[in-house]
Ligand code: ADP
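Have a look below at one chain only, the form predicted on its own, in structure tokens format.
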């Protein structure tokens, strides 16, 4: 249904919703709150993270003081909570409160916490009598992502109207599944995720909606696999003796895991069935060289192999490395590259080599799909997990009706039991262990007082000829969140370090050409320290980078931090990772200590699951196809297994779908399959 069918949404409001990716009534219903304004039980203020809104029962310990700033009248008072911890409450342009705040009076103060040195500040708190707060305690109000011109009130009203007007009590899931897995009705779940009366309602709604996402995803994957399993191998490719010679020329020996995965790939490509395989390997485990060997085998068999990279810089780097490798080993074929920023003349030249079949290995970005490139005889397509559906875009890639072998590479550290479910349409190869020439990264978790030492350490590494990354959580300073930001931090770093150290910054809001230029400059060694957001997570390979310093490390998920850490330790020199913990909470220290003690992504993922548990409402957001709307593959591991179990039950007949349930069920799953195919064909 069109969004404008909802009362109160016209062209202007619809355009604002579209900026947030909400185009239909269905999108709006799945536009879940990013948080809730929760009127929790009052608690002690000690060890509260900056930026957290809490309620504190406190006694006014001193007479309120009024100060006058350039733009504000600032009223402040010292409060002591029930444990005796003092904090300062601050109000802006609210002088009328001075007469209300009597020394010795006890109230509930509710506001956002910040720190100035050792002093705890509660900013602009609301004040309630104990009786007033008792009436609203445990109530929850939805807080949505917004864009300029769109208010939380309007979104709330639109969602409520959509539920009332378009959702009935009929459920697509069979009653047997609802009962077996203790799931609430779909309409009830939508009401309780948007407008919960308490934590229990919200958790039940989230459980049901997370189950839906996993269940539909698994059912669609299995339909893809059923479709793909019927495809016979049109490109039988075996190991070539020139490939064996190439492997012997490598300046390192393949690990046992690399050799094992190569054997699995070669068995697939020489079998009767088209390969659909995932290489699941930790950051830095050597997936790229395995992929290159598979491409060389393909090229030597007379076919074309495609590798799609997530960024232009990485695509260009892969291209230069492969081109040099082919030349150095006198291999009898050419290498081509296609990216979005190429000029018309260069594009024509590369496209000509591809169409004619001269180029047997083709590297690129989305341009391989988006541009109308014509291929000669593609037999192998290699992508990373961020292009999950890209691996199935056979028609779009103009393969003339033939089905190439598919290889997906993933560095997301998902425990194997979950990976088997999530990548249900692919056979899985696990690549564990690191190349022997790489030294383990040395880690440390530090507080903010360690920064001067960290800066000196980075300076020394730069003087020794190496480079460093500094990661910040934000692009620019925000009034709402106290976190280090890229732009200001770069200036601070330039003042703190020697003038001859070259420091640049990078963030996702820059134009693509600007980002590419900065990364290419860094990769070429023309920048010593790069201050960046997580945009470098899937960035270029810079073996010379030996230090990664992450500010506000507690704000990142452990999986994201591990991916970031993978940007260093890629050369032969010893590398280091410094995690700066700006939180006073014990839980933050406990989580970061997992990274401090291990460089194993799969171990980190499993420990993170245990530590966070299923009650964590806002989990890590995975990249690529693992980016579910509400479900989280780590915290919701048990729900994921239940969804897989339910799909098994339907397939093998253990779960019976009644006659009056079948049409709704089939319609919903068919809709999901069609949406996936539409996404493929975009």
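Residue numbers count along the first chain shown, from 1. Only the largest set of C-alpha atoms that superpose within 1.5 Å between the two forms is called the rigid core. Nothing here was measured: the structure is a model prediction, and the numbers come from that model.
Keep in mind that the form predicted together with adenosine-5'-diphosphate is missing from the display, and what follows is about it.
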Practice task
Give a yes or no for residue 287: in the predicted complex, does one of its heavy atoms lie within 4.5 Å of a heavy atom belonging to adenosine-5'-diphosphate?
Solution key: yes
Practice task
Evaluate residue 350 for contact with adenosine-5'-diphosphate in the predicted complex, applying a 4.5 angstroms cut-off between non-hydrogen atoms, and reply yes or no.
Solution key: no
Exercise for the section: Evaluate residue 282 for contact with adenosine-5'-diphosphate in the predicted complex, applying a 4.5 angstroms cut-off between non-hydrogen atoms, and reply yes or no. Expected result: yes
Practice task
Would you check, heavy atoms only and a 4.5 Å threshold, whether residue 507 touches adenosine-5'-diphosphate in the predicted complex?
Solution key: no
Completion exercise
Only one of 447 to 455, 113 to 121, 247 to 255, 150 to 158 sits within 4.5 Å of adenosine-5'-diphosphate in the predicted complex by heavy atom distance, namely 247 to 255
Problem - in the predicted complex, the one of 325, 403, 541, 429 near adenosine-5'-diphosphate [non-hydrogen atom within 4.5 angstroms] - result: 541
Exercise for the section: Please pick, from 366, 222, 438, 584, the one residue with any non-hydrogen atom lying within 4.5 angstroms of adenosine-5'-diphosphate in the predicted complex. Expected result: 438
Handout entry: Residues within stretch 566 to 600 having a non-hydrogen atom within 4.5 Å of adenosine-5'-diphosphate in the predicted complex
Key = 570
Exercise for the section: Align on the rigid core first; then say whether the Cα of residue 250 has moved by at least 2 Å between this form and the one not shown. Expected result: yes
